[in-house]
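Given next, in structure tokens, is a single chain: the form predicted alone.
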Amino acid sequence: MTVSEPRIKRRLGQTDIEITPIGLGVMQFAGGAGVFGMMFPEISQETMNGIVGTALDGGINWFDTAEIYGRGRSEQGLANALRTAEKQDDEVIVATKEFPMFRAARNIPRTIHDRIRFLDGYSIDLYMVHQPWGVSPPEAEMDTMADLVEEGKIRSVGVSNFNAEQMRRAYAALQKRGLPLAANQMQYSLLHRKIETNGVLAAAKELGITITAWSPLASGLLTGKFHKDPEILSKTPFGRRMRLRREIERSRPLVRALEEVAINHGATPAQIALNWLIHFQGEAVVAIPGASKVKQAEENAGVMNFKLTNEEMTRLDELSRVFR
């Protein structure tokens, strides 16, 4: 693989927290438990340890989990893996989320104790409202989050899946408490570029909010594996299978280009897609690809060892504009 840029950490929004442009999403650590757990096979703690250890060895310094990922199972698995890797609390950055559906803002301080308990000694560096589905308005949610910062229970505040207006309201509410809105975690990839046209990305850049890209490989489509072997689809859940099948032909020219660019860098198509994501918008976007295998964690970390040329990024941009 060609190496043209060292691993450089970025500020998380306007906080003093520094993160690598690639993090590790650990939703898959919920395997077998909770709503999201049903989407993934159960992963042994030994495998989790290998994935997290490999990510750390590759330079990744932060990890993204959530309450709804197995009702604490993902958080606990992550904490166990970090401890196995002999990482101290101040050596890693942990992000987790509160699930607000059918809940009011007063639920946030009621459930933070569970988050702290499952993370078992690892601090919550970034705490996010997972969806804009709460009973309370963003202002009330952010005010309650600010209380947690002042109490020392979390370091910074973020949101997830908030549109531009909701994000601005959350930002303004925190500003009144003297705090920044650190991040908005949004779906973003070469096959899902809606935040570029719906105002979210523009607002984030204006306000200094980091965009954390979830599903940065579009459920695996950008790896090219489904294009090469469509039979793999039969092993995926029905709803996901139907969506992926619709997108295979539309994305084929882009995936072909990813494969060509990958050859130039001695990389994989997935690594090229991730590299575009963390560089095309400057430092505004970071990504949290998941990994259910050690090899995937190794490839994710390797994305930080090189940088696409401007010409390569422009080519991929032009081929994927249909997905804006």
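Sequential numbering from 1, following the sequence displayed. Predicted, not measured: the structure shown is a model, and the values here were computed from it.
A second form of this protein, the form predicted together with a small molecule, is not displayed here; the remarks below concern that form.
Engineer: Are all three residues 161, 223 and 293 in contact with the small molecule in the predicted complex, where contact means a non-hydrogen atom within 4.5 Å?
Structural biologist: Checking in the predicted complex: 161, 223 and 293 are all within 4.5 Å of the small molecule.
Engineer: Would you mind picking out the stretch of 162 to 170, 141 to 149, 207 to 215, 194 to 202 that comes within 4.5 angstroms of the small molecule in the predicted complex, counting non-hydrogen atoms?
Structural biologist: It is the stretch 207 to 215.
Engineer: If the cut-off is 4.5 angstroms on heavy atoms, which of these, 27, 267, 56, 257, is the one near the small molecule in the predicted complex?
Structural biologist: By the 4.5 Å criterion, the partner-contacting residue is 27.
Engineer: Would you mind picking the one in 185, 251, 156, 96 that has a heavy atom within 4.5 Å of the small molecule in the predicted complex?
Structural biologist: Here the answer is residue option 185.
Engineer: Can you check whether residue 130 is within 4.5 Å of the small molecule in the predicted complex, heavy atom basis?
Structural biologist: Yes, residue 130 lies within 4.5 Å of the small molecule in the predicted complex.
Engineer: According to a 4.5 angstroms non-hydrogen atom cut-off, is residue 123 in contact with the small molecule in the predicted complex?
Structural biologist: No, residue 123 stays farther than 4.5 Å from the small molecule in the predicted complex.
Engineer: Looking in the predicted complex, any heavy atom of residue 261 within 4.5 Å of the small molecule?
Structural biologist: Looking in the predicted complex, residue contacts with the small molecule do not include residue 261, since no heavy atom lies within 4.5 Å.
Engineer: Hey, in the predicted complex, does residue 288 get a heavy atom within 4.5 angstroms of the small molecule?
Structural biologist: Close contact exists here: in the predicted complex, residue 288 approaches the small molecule to within 4.5 Å, heavy atoms only.
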